[in-house]
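There is one chain below, alone, in structure tokens, taken in the form predicted alone.
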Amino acid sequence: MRDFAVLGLFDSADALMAAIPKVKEKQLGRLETYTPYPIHGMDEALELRRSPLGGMVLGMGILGALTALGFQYWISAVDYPIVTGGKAPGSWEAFVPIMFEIMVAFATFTAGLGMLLLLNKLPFFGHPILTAKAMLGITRDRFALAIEADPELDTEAAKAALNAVGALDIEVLTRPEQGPFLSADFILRTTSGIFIACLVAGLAMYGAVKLMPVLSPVSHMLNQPRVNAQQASSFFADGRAMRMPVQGTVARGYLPFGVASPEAAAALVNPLPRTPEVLAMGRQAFTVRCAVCHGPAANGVGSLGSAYGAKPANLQAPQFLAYPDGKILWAIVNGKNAMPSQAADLTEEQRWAVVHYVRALQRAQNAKDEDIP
């Protein structure tokens, strides 16, 4: 067996730091230190390059984020595009959570496997320092400086160099014989260890759950305290669990409309001018809130409304041409048939802008008007 390193022990960190430059100038091989705790300035003294692990993690994290973005965009915008909530199929904002998760997964696996397999060179567990007699002192209160083969080692010159700098004890380490990677014995031991570890963990968890079905502070949803609507409760003075709104208050976004019927709303006049800016605002609100059912598909008959058992109104039909602006606004605010109220989702200005845009759609369908932005 060839010599791997010559190891010298020192009794203090200062003695070790003083010895490093003296041994380095002899250029006998690669220097490595083994200490019971980190020593400030050791990396600079050994002229060790910065660990590449950070760059590896950054690169794989960026790759993971781009991979998730690409897959989600292909699925949502190319392979099976679906309009959800009026948003474009390729809206990247919805992809961010999955991009973050995949980025973390790529970076985490790179950090763990890169450190263990590439930098620490596992699964080789036979580093010569582990069998050294000096290991007992290194793990307590001694500091070791090793001159390692790079690629060959002059053992006698290395011993003389360590003696010259005051090493208390010198030991020659030999390189162990390294068998082939992924041997049948290694695969068998590895798979057996994984199987035994999984079996022990599974049995331990099964026993713990049987012994303590509800582990504090974790509680099952079925065992958590809850109150059903209208259920009797002794906590409140009126004996009811459900709280009624405070008298005289109005929920945010639900201010009274001001008119009591569609007929009364018919007298309302659209206060917004019909400008490109107003039409653009109306188009945006219509696309987000209305286009799913009343969009251009099938001349205004959308498939989503039909799926719920209701046929959406074709806004370009002749009957709606005669609708006053106020009646269209009434339907937006209060809802009509299967259409829910949009009062809490649109401002008053957006509601009137939608009315303008509906009129523009009607004109474009019936008179080929070109004033739609």
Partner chain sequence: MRTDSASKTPTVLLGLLILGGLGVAASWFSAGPERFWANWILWFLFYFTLALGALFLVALEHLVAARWSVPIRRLPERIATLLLPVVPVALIALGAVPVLYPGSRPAALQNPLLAGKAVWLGLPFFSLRTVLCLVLSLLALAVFVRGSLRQDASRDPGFNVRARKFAPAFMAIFAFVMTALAFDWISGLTPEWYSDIFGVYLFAGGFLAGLAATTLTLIHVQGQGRLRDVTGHHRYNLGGFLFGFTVFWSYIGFAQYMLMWYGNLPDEVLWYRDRLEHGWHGITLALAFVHFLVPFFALVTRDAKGDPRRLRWVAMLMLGAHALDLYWLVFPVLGKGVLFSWPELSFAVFFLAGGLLWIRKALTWGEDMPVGDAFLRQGLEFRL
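A quick note: this is a predicted structure, and the numbers were derived from the prediction, not measured. Residue numbers count along the first chain shown, from 1.
We do not show the form predicted in complex with the partner chain, though everything after this point is about it.
K.L.:
Given a 4.5 Å cut-off on heavy atoms, tell me which of 281 to 289, 85 to 93, 152 to 160, 189 to 197 is the interface stretch with the partner chain in the predicted bound form.
P.N.:
Heavy atoms within 4.5 Å of the partner chain in the predicted bound form occur in 85 to 93.
K.L.:
Which residue, L66, L58, A338, A317, has a heavy atom that falls within 4.5 Å of the partner chain in the predicted bound form?
P.N.:
Answer to the contact question: L58.
K.L.:
Please check if L321 has a heavy atom lying within 4.5 Å of any heavy atom of the partner chain in the predicted bound form.
P.N.:
No.
K.L.:
Would A344 show up as a contact with the partner chain in the predicted bound form if we use heavy atoms at 4.5 Å?
P.N.:
Judged by the heavy-atom cut-off of 4.5 Å, A344 is well away from the partner chain in the predicted bound form.
K.L.:
With the partner left out here, which residues of 36 to 64 have a non-hydrogen atom within 4.5 Å of the partner chain in the predicted bound form?
P.N.:
Result: R50, L58, I62.
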